[in-house]
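Coming up is one lone chain in structure tokens, specifically the form predicted on its own.
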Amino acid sequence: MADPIDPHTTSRIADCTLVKLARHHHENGNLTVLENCTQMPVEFVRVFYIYDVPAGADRGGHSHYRCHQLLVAISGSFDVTLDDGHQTRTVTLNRPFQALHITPGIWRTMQNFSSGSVCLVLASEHFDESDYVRQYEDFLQLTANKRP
């Protein structure tokens, strides 16, 4: 069996897409449901959220070999900068019915958190430290042979 292809050599920021989540409007408030179904680009097995981020602090600062992530600003707003080793793009998340799908092999940083913001993260993999690339220099080496 051949070794799997490292997504750092093939992934592009264009592979990271905004996903519109279904909104159910009600007089007493709106409801958005996240389920592993046709609405989701992959199945998710882990959920966590990031909150109480101090003013000026950044989060993220890593890429993954296997893990897909879906980020949702369920409260407030923040920016996500995506980097494939050759191009970068910044996406502002500020709607609880919109999610950003980040594919493996993409470096991400999150910054400019508004006061009271909450970032919900759905992950396709259970936590595994070996799935992370945490040093940007290592990420650049992994993406060096990628064609722009």
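Heads up: residue numbers just count along the shown sequence, starting at 1. Note that the coordinates shown come from a computational prediction; the quantities given were computed from them, not determined experimentally.
Heads up, the form predicted together with a small molecule isn't pictured, but that's what we're talking about next.
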Item checked: Answer option from 89, 86, 66, 46, heavy atom within 4.5 Å of the small molecule in the predicted complex -> 46
Check: Of the residues 34, 50, 42, 100, which one places a heavy atom within 4.5 Å of the small molecule in the predicted complex?
Finding: 50
Notebook entry, point to check: Counting only heavy atoms and a 4.5 Å cut-off, does the small molecule in the predicted complex sit next to every one of 60, 127 and 134?
Noted result: yes
Notebook entry, point to check: Using a 4.5 Å heavy atom cut-off, which stretch among 52-60, 89-97, 25-33, 76-84 contacts the small molecule in the predicted complex?
Noted result: 52-60
